[in-house]
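Below, in structure tokens: the form predicted alone, a single chain.
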């Protein structure tokens, strides 16, 4: 079933890498890089507030099916009415020199269409995760951006977040020794009427939404790609929410080093996001995959057996938009300096392939 943006509007009525340094604006003629936001929902609000705090990037266009809403948002960000587009007419942004790139903030199944259309309009693309709902669509997005000679970045904001980067560095530096095991979980009790539980829009259940954080974390923590995957799904609540998607997914992965990962995700319970990494010299843990309140805890020994352990407990008290500020500034740096984004389309494609493997291992038919 293929849904249009108009169909989605009707449904809505029902219910890591290194941290980027700011680019030099002189390379863009002294102006900020302009982003057109496609889709004006909750995640777009976070992105726009983060971009407003950026010294290198700004909101210069909007694409929406609700012009009244778009006009109100445009007034907040100084976007002229002439830079507001409908979904049917968004190709007109091709001639808008104030728009260098787009941010795709639509439901998962629409990522491919609007990435490809934006690339053909000559605009760089920052697309929300998951990249798409199928491997074929993900590959088509990469091909379209390559043909148009524009950048494609997937919005894995935690790859640019300090707590996450410190956890990765501790592991790479050998602080907790050889990684043996990773446990991770992420989920919440979803409300009725959410587009995320409509499979034609989402592509699947919690794995495609919040479970991807655990999947991606195991990869950036180990620095490896999984060599084998097992998985199970279940649906316990038969209250109409899970007619097209599964409620719970759990999976295990083995990595070439021998490290094992066990992950769970749900739409049926409050499951605050976390990962804990066990190594031969100790452990570390990061709680929350959210926009703020990340906390790093660790306990490991750097000396001889019997020596006092190093104990860390470091909360991150940054305000909400900062993760999105770092994310957009990395994209801007890549545009200005002709660099490949750290979380390029290839990174999104890899997760898409693994999610499809998880579903197949659990006996779920993928789109």
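These numbers were taken from a predicted model, which means no experiment stands behind them. Positions refer to the first chain, counted from 1.
As for the form predicted together with a further copy of the same chain, it is not shown, yet the points below apply to it.
- Residue-level contacts in the predicted bound form: of 230, 134, 293, 96, one residue has a heavy atom within 4.5 Å of a further copy of the same chain, and it is 230.
- Interface residue among 250, 83, 163, 202 relative to a further copy of the same chain in the predicted bound form, by the heavy atom within 4.5 Å criterion: 250.
- At a distance threshold of 4.5 angstroms between non-hydrogen atoms, residue 218 is out of contact with a further copy of the same chain in the predicted bound form.
- At a distance threshold of 4.5 angstroms between non-hydrogen atoms, residue 274 is in contact with a further copy of the same chain in the predicted bound form.
- Contact check for residue 264: a non-hydrogen atom falls within 4.5 Å of a further copy of the same chain in the predicted bound form.
- In the predicted bound form, at least one heavy atom of residue 269 sits within 4.5 Å of a heavy atom of a further copy of the same chain.
- The candidate stretches are 112 to 120, 73 to 81, 141 to 149, 184 to 192, and the one lying within 4.5 Å of a further copy of the same chain in the predicted bound form by heavy atoms is 184 to 192.
- In the predicted bound form, every residue of the candidate spot (179, 259 and 279) has a heavy atom lying within 4.5 Å of a further copy of the same chain.
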